[in-house]
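First, one chain by itself in structure tokens, the form predicted alone.
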């Protein structure tokens, strides 16, 4: 990763242009060529420097729902359960924790009713009880990392 990659990563973390050619707009800001910006983003994704590049939507404002949930998974069954949970398109991300509730995941659905459907499907597939943790308050952290 060179200095241009670092400037590009710093720029991509805030205010992605809503434009027909957003990479061209970013390229102009950084004094680069649009194709170079696209190639750099692609390379950073392929090499794992960027693990995720995409928009974050406020699902609830769009009529959908989000929910953090947890499972108590027997350690010897963790990989099977993770595969079952991750197979659902409603699972935004899933991670292991060193806790009795050792698998936490976020559900994102098109409607609030979709949450209960997704929970029922996970319980059916895994044979485990999903523990939902509904949001009580929302805070905006605005986390960014200097590259």
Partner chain sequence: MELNETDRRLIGALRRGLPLVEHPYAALGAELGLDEGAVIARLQRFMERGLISRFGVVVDHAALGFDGNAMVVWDIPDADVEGVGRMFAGLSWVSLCYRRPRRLPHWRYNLFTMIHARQRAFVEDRVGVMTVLADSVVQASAILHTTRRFKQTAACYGTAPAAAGEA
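The term rigid core refers to the most C-alpha atoms you can superpose between the two forms while keeping them within 1.5 Å. Residue numbers count along the first chain shown, from 1. In this text the structure is predicted, and so the values were computed from the model without any measurement.
Keep in mind that the form predicted in complex with the partner chain is missing from the display, and what follows is about it.
Indicate whether the partner chain has at least one heavy atom within 4.5 Å of a heavy atom of residue 34 in the predicted bound form.
Contact with the partner chain, yes.
Find out whether any non-hydrogen atom of residue 113 is located within 4.5 angstroms of the partner chain in the predicted bound form, and reply yes or no.
No - in the predicted bound form, heavy atoms of residue 113 and the partner chain never come within 4.5 Å of each other.
Looking at the partner-bound form in the predicted bound form, is residue 27 within 4.5 Å of the partner chain by any heavy atom?
No, no contact at 4.5 Å.
So in the predicted bound form, is the partner chain close enough to residue 45 to count as touching (4.5 Å, heavy atoms)?
Answer yes; at least one heavy atom of residue 45 falls within 4.5 Å of the partner chain in the predicted bound form.
Pull the contact list for 16 to 32: residues with a heavy atom within 4.5 Å of the partner chain in the predicted bound form, in sequence order.
Counting only heavy atoms within 4.5 Å of the partner chain in the predicted bound form, the contacting residues of 16 to 32 are 16, 17, 18, 19, 20, 21, 22, 23.
With the core lined up, does the C-alpha of residue 37 move 2 Å or more between this form and the one not shown?
Comparing the forms between this form and the one not shown, which are aligned on their rigid core, residue 37 does shift its C-alpha by 2 Å or more.
Is residue 133 one of the residues whose C-alpha moves 2 Å or more between this form and the one not shown after the core fit?
False for residue 133: its C-alpha shift is below 2 Å.
Comparing between this form and the one not shown on the rigid core: C-alpha of residue 27 shifted by 2 Å or more?
Yes, its C-alpha moves 2 Å or more.
Any idea whether residue 52 and residue 75 get closer or farther by CA distance in the predicted bound form, knowing it moves 3 angstroms or more?
Between the C-alphas of residue 75 and residue 52, the gap widens in the predicted bound form (3 Å or more compared with this form).
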